[in-house]
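Presented below, as structure tokens, is a lone chain in the form predicted on its own.
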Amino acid sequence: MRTNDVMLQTATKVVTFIILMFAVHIFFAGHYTPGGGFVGGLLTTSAIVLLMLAFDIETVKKILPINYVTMTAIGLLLALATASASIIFDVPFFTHAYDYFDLPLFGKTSLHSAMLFDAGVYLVVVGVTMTIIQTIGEDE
């Protein structure tokens, strides 16, 4: 291991944490400002890719033993279930409910049923992009 690798890996650990925290912020802020599940998923993917660049794909697979195809399927089911809930409750398509909650670290926050849809989008984005990146990375 070279000195450059140690510096890169150490910096990556800090930067990855910052990116993931920003992804959580963007996910929750997505109902009132630009962001949400898609951008949060892209930020999360970028943090994982940064880990893969600093370490290697096998090390990251050991740290994060996630089946990204299954993650994509769960995200699709969650998004479809949220969208189809309007049929069950006999309301217009994509009608969402919301309420205010006091969350630790976030304070008074409004949570929407649209957040479930965003969570599905988040899982699909992370799952699909990581599947593509891992497939390309393993071909070398």
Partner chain sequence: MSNLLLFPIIIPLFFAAILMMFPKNLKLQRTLAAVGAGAALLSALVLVAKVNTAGVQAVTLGSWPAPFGISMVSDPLSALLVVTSSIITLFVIFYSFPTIGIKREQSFYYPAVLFLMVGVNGAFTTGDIFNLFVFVEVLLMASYTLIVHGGEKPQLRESIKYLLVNIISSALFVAAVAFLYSVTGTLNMADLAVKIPQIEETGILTVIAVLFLVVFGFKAAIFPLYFWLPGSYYAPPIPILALFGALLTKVGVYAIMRTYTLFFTMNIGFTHELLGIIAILTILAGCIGALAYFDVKKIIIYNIIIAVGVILFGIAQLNQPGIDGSIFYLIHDMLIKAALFFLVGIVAVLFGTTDLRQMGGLIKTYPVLGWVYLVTAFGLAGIPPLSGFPGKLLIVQGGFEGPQFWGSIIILATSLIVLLSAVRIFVYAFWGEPVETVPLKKSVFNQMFIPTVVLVALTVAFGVGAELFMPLISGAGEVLLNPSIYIDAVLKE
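For clarity, every value in this text was computed on a predicted model and none was experimentally measured. Numbering follows the first chain given and starts at 1.
Beyond the structure shown, there is the form predicted together with the partner chain, which is absent from this document and is the topic of what follows.
Using a 4.5 angstroms limit between non-hydrogen atoms, residue 86 touches the partner chain in the predicted bound form.
Interface membership of residue 92, defined by any non-hydrogen atom within 4.5 Å of the partner chain in the predicted bound form, is confirmed.
The closest non-hydrogen atom of residue 76 lies within 4.5 Å of the partner chain in the predicted bound form. When contacts are judged by a 4.5 Å heavy atom cut-off, residue 63 does not count as touching the partner chain in the predicted bound form.
You can rule out all but one of 78-86, 98-106, 46-54, 29-37: in the predicted bound form, only 78-86 has residues with a heavy atom within 4.5 Å of the partner chain.
Residues 69, 70, 72, 73, 74 are the ones in 49-74 with at least one heavy atom within 4.5 Å of the partner chain in the predicted bound form, listed in sequence order.
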